[in-house]
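Presented as structure tokens, the chain that follows is alone, the form predicted alone.
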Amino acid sequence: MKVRMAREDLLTALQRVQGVVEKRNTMPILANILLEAKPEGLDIVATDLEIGMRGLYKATVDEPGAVTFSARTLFDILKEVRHSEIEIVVGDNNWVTVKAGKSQFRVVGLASKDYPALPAIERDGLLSIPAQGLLQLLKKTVFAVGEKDTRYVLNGLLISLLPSGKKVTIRLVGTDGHRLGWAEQEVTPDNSAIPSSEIKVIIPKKAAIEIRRLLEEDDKEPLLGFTKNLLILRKSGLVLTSRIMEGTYPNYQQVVPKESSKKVTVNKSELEGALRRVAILSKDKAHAVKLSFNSEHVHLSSKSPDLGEAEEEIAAQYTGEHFSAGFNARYFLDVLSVIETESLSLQMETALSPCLIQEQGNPTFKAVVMPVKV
């Protein structure tokens, strides 16, 4: 195998797969990428057996062939060299020579036949979705997905496709039991791609993060689809696949509070800043901050026997009776970080009931934060 390629194109390809390659070293070959030189260009493949990514890149192929070798090593080489063209040559015993101007590197490779095969993907039946729309849904939900939660399905993001006539509502939900993000958008895809019934799947958080990264590259419209056990995303010559998680997602609709008489309207930036400052003296495990609501203000306070106490007051609009509730400041700030409007509303029935957080004038996004005792 002998192939020449622009450094920038190869570096872009390597940046894309860094999040996919397996880093826990359970199978050494999963730390590698597969390079397949074909007449039409260079195929670059990465997988961790849960997520797979394949992309075809423009290259001059002098000798077709295939090899696998360390994704991290090649990435580190490309970051340091400055020559505009990279040459990759595979020799005996899968030794890979990487040339960049006067620099040359010989890297240990492995046979391509040992690399796990990605599933065959059909082009039909994929749903066309606005890139920025899907990106916003992911940003507003991925933050709430669990990390190594003992309840396995909470480590995944729920994706629902709800068909209605010629339209489909895409709904994403993430929760770790302490906070929840729910976002949805209605799209009008090609009629042939509209599912005949509701689709619900759970994908790993890692897959959701990789999809978000691909969408952040440009506004090119992605195609989304599902098989019995796979999510498929096509975009800009790339194909990303993710295993669908088994299990039943909890009934999130029961957790989301209904409209409440206790509705507080506050400025997002003021609340975010006050929470950050007051939380400085709340370094316990719960990061607990007490919020007290009255007709004109929200009073924030924290207290720590080891550090001291802090308090601050911000303006608010509220017509209900005075009440107080405690929250984990970190969870609350995670929600505020994805809110895009200047003002937001907080709604809850009692000091121990879930708090519903919504953007002003946007019914398609809901966030919930569970209270803590203070």
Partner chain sequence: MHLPRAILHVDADAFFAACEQSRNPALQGKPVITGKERGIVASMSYEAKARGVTRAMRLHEVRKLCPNAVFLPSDYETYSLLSMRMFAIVRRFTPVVEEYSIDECFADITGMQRSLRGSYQTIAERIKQTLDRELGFTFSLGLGPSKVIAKIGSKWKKPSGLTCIPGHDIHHYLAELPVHKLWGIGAQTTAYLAKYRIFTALEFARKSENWITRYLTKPFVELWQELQGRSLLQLETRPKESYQSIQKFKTFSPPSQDRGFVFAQLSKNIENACMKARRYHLAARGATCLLRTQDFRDTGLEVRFTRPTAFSHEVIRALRPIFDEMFHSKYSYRSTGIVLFKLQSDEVIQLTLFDPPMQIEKYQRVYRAVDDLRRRYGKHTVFLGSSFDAHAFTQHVGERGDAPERKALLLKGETPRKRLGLPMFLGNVK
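Positions refer to the first chain, counted from 1. If you're wondering where the values come from, they're calculated on a predicted model, not measured in any experiment.
Although it is not shown, the form predicted together with its partner chain is what the next lines describe.
For the options P116, P119, G273, G177, the one in contact with its partner chain in the predicted complex, meaning a heavy atom within 4.5 Å, is G177. Exactly one listed residue, out of V81, L230, L214, A288, brings a non-hydrogen atom to within 4.5 Å of its partner chain in the predicted complex: A288. Only one of 34 to 42, 310 to 318, 47 to 55, 326 to 334 lies within 4.5 Å of its partner chain in the predicted complex by heavy atoms, and it is 326 to 334. Of the heavy atoms in P250, some are within 4.5 Å of its partner chain in the predicted complex. A residue is said to contact a partner when one of its heavy atoms sits within 4.5 Å of a partner heavy atom; K148 meets this definition for its partner chain in the predicted complex. Proximity of V372 to its partner chain in the predicted complex falls within the 4.5 Å heavy atom cutoff. With a 4.5 Å cutoff on heavy atoms, M5 does not count as touching its partner chain in the predicted complex; it lies far away.
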